[in-house]
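One chain comes next, on its own, written out as structure tokens in the form predicted alone.
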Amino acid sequence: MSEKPDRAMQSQRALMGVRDLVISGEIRGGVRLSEVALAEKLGISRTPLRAALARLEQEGLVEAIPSGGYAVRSFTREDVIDAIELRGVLEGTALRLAAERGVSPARLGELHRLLVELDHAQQGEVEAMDFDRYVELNATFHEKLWGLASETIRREIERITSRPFASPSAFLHKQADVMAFRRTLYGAQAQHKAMVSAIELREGARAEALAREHARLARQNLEFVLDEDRSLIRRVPALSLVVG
């Protein structure tokens, strides 16, 4: 009876394990992935590992190579920007449809509660905000937004946000002491509130436009690191996947 759940658990463990190795920068772009070494490192068998690699190829993190097997993909700056823009398009579509179709009071209540918690995390001076709590709540807030639309759109958003730098919390996890990033969070929270308001008022076009603009915060953070403070590059391991 436990064989199928066990197999599913192994597959999920393989997927998350390889994805983390790639996004953390531990395996650099262009490097061929050894199934034997990965299986040993992650403590899993090669069957779920192969399934995980096939899934990561679909996500665009690895690519099949002619000699067999997979290698970690490298990304251009334009690749990353396109992924961020696509996330904005998909989130915008999700919010527009949610506004047009209507959202239950229970789901709106969840979003409002998260907004209050996000406000609490930002109380006080920029230097004193509960940054880690904000990042955690921000991820939850966006997941709730994705769930307002269809399962099809939610899955596509999850797929694109698995790309480096495309997620709503891109750059934030390891940048708690970068004041420029902290300051952007106040504008981000204002956008969060505006998006929920637009959904509540059934303003589909406004909700879509706000979501697309909100996604561009990740692009601003990318450009800040690459163009204004390159000393931060070494603290963002996944930048090892970006070439040029």
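Every value quoted in this text rests on a predicted model; they were computed, and no experiment measured them. Each form is matched to the other, and the largest set of C-alpha atoms that superpose within 1.5 Å is called the rigid core. Numbering starts at 1 and runs along the sequence shown.
The following text describes the form predicted in complex with a further copy of the same chain, which does not appear among the structures shown.
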Non-hydrogen atom within 4.5 Å of a further copy of the same chain in the predicted complex for each of 201, 215 and 220: no
Residue stretch of 206 to 214, 193 to 201, 22 to 30, 179 to 187 approaching a further copy of the same chain in the predicted complex, non-hydrogen atom distance within 4.5 Å: 206 to 214
Residue 93 within 4.5 Å of a further copy of the same chain in the predicted complex, heavy atoms: yes
Heavy atom of residue 142 within 4.5 Å of a further copy of the same chain in the predicted complex: no
Touches a further copy of the same chain in the predicted complex: residue 126 (any heavy atom, 4.5 Å): no
Residue 82 within 4.5 Å of a further copy of the same chain in the predicted complex, heavy atoms: yes
Partner-contacting position among 121, 72, 111, 153 - heavy atom within 4.5 Å of a further copy of the same chain in the predicted complex: 153
Stretch 29 to 63: residues contacting a further copy of the same chain in the predicted complex, 4.5 Å heavy atom cut-off: 55, 57, 58, 60
Core-superposed comparison between the shown form and the other one, residue 47 Cα displacement 2 Å or beyond: yes
